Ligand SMILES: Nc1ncnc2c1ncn2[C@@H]1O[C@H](COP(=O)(O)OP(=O)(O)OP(=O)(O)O)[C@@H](O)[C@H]1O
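The chain below stands alone, shown as structure tokens; this is the form predicted alone.
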């Protein structure tokens, strides 16, 4: 009895499906003769059931293409079919059972073309809305700097920029290392801008700023209901937002060990799975990572995964510290001064040569970031005194340090370039005296590579 009830229910369901007031349906056998035609279809062609059933489809609709389906086995998913003043969109496909052709079916997707036009309009509107969201994401996650904004004419810096520009074209994973304040993030932005992915998002993640319990959801996203407080509809992670673009993992050396394994999987498989999700999401991103820590030492200490280190360290770009390019300080000051003035709404227009010489006498453990902070402090001090030129007196901490070290910043009657060279030579002489002329120790004291030191020794005839 159960089978009979099911069969009756199935028959009623099929009858309800065929007798659909919103869709015209015609079914023909393999000879092309009509077996079933619902009332909607009959109304469209203006025929009665007696004029249709048992007859070949071309007899009651001369422009029918169902016979072509029987001959070719093709599928027409969305075809324009005008009949009796109706502009309809139809689908046609063959009917098979155990590889035997039984017939074909034709059904209207839209009773009127205007209905299709309404759908197309909605799809266009949806595409425009999606484009707006893509543009919004791009505007938020956008690189701000390019290689032209990295100031400096130092030969070592120029070589570094040239190498980074070439690497940007490769799409390789790049590990950017260097001391705090050297400009690692600037290089990451510039690499993205110079890459084929420049039109796509640039997404930065500060691995040390986010608490460990939030880092996973920020990186990989989550589904609705994944945890208490999860946003309705879920949330995409940074890797998803960076799709077809670049993700910049800043301070990667401070990433918790528990997250490193998950990150390694993402880098290997190139897919992420949201928290609470059940299926992986493919991603296409270039990965840039930066750190001021020695990852090799962290690997030895067991706080950084060795396999992740090798996965990230495909190419290593080491940013040189400011003390190794003191000749760039005048250019940096010239570039930073208007930016700081604009931010502070001050009008300190110049820096005296003596003040620049004082800046060049310092070793800058905080690098360019420290230089910018010290300039800002000096500008505020000058503005309070209604001075529009920065002089030595506006850098009291550097004056005191120079006096303690016995370095005189005041080199009168010289051009700025000559003053910088004179100061550099004095500092090298002083370091040589401190180390009893030990070149290796002198290079360490000055923070120079030994080859750079020997080049300068020859330049100043100190070899």
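Residue numbers count along the first chain shown, from 1. Computed from a prediction, not measured in an experiment: that's the story for all the values here.
The same protein also has a form predicted in complex with the ligand, omitted here; what follows describes it.
Item to check | Contact test in the predicted bound form: residue 183 vs the ligand, heavy atoms, 4.5 Å | outcome: Yes, contact at 4.5 Å.
Item to check | Any non-hydrogen atom of residue 368 within 4.5 angstroms of the ligand in the predicted bound form | outcome: Judged by the heavy-atom cut-off of 4.5 Å, residue 368 is in contact with the ligand in the predicted bound form.
Item to check | Heavy atom of residue 332 within 4.5 Å of the ligand in the predicted bound form | outcome: Yes, residue 332 lies within 4.5 Å of the ligand in the predicted bound form.
Next on the checklist: So in the predicted bound form, is the ligand close enough to residue 376 to count as touching (4.5 Å, heavy atoms)?
Outcome noted: Outside the cut-off, so no.
Checklist entry - Among 221-229, 267-275, 93-101, 174-182, which stretch has residues whose heavy atoms lie within 4.5 Å of the ligand in the predicted bound form? => result Looking at the partner contacts, the answer comes out as 174-182.
Item to check | Residue among 363, 154, 142, 292 with a heavy atom within 4.5 Å of the ligand in the predicted bound form | outcome: Exactly one residue meets the criterion: 292.
Item to check | The unique member of 354, 254, 327, 372 whose heavy atoms fall within 4.5 Å of the ligand in the predicted bound form | outcome: Spelling it out, the residue with a heavy atom inside the cut-off is 372.
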